[in-house]
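One chain is shown next in structure tokens, namely the form predicted alone.
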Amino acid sequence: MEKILQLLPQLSQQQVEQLEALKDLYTRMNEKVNVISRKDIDNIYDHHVLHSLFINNIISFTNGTDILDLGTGGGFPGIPMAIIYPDVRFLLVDGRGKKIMVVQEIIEELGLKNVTAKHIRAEEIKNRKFDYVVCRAVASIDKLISWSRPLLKNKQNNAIPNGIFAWKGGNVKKELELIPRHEYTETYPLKEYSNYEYYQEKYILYIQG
């Protein structure tokens, strides 16, 4: 939590308490459904929550922004983002029903009113568009583009145009080679925001919608 409070010193007491509750919630939920590696649960803040919240170094979302967390798994990055952006609307989706059940329970226990979670695939989402699609360790970037682009709004409401934010690790050059040259992209190395060794080869890729 210390690193998170350094990153986001403006958090309210309620937001701090919600973030602090995540460790016990995920530890308890993990006994029923393995949403975080049992070897990694003690690193939930450094490896999962903080990782999700580095988006705040890149963009500050305006109130009323709609965000889709595609392939949310155990609720990352969507749940931590929803805590720090209470006036942004989030839809968290995943094709694995057991994980979405856990996500729904965590949302309810935290009392988050700006998040819904559904057991649904991207191509099944109808009659709803988003300013941004976020995804963490889901699929190759070319697949993410094809799944996400039909779901993006045309109207712009933020400083950065609508698009995709994808959390990636390892050899990011291979991922970038999958993106057609005409696409506008940005690569944000997370080591610029933290000297913690875990983030030395972690990135957030942005692809404009």
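In this text, all values refer to a predicted model and were calculated from it rather than measured experimentally. Position 1 is the first residue in the sequence shown; the rest follow in order.
As for the form predicted in complex with a small molecule, it is not shown, yet the points below apply to it.
Review point. Of the listed stretches (152-160, 172-180, 38-46, 65-73), which one has a non-hydrogen atom within 4.5 Å of the small molecule in the predicted bound form?
Key: Only one stretch passes the 4.5 Å heavy-atom test: 65-73.
**Study point:** Interface membership of D131, the small molecule in the predicted bound form, 4.5 Å heavy atom rule
**Key:** It does not: once the small molecule is placed as it appears in the predicted bound form, D131 has no heavy atom within 4.5 Å of it.
Practice item. Determine whether any heavy atom of R96 comes within 4.5 Å of a heavy atom of the small molecule in the predicted bound form, and answer yes or no. Key: R96: contacts the small molecule in the predicted bound form.
Practice item. With heavy atoms only and a cut-off of 4.5 Å, decide whether I107 touches the small molecule in the predicted bound form. Key: Judged by the heavy-atom cut-off of 4.5 Å, I107 is well away from the small molecule in the predicted bound form.
Practice item. Spell out, yes or no, whether the shortest heavy atom distance between F54 and the small molecule in the predicted bound form is within 4.5 Å. Key: Answer no; every heavy atom of F54 is more than 4.5 Å from the small molecule in the predicted bound form.
Review point. Pick from L91, V88, V138, M101: which has a non-hydrogen atom within 4.5 Å of the small molecule in the predicted bound form?
Key: Flagged contact: V138.
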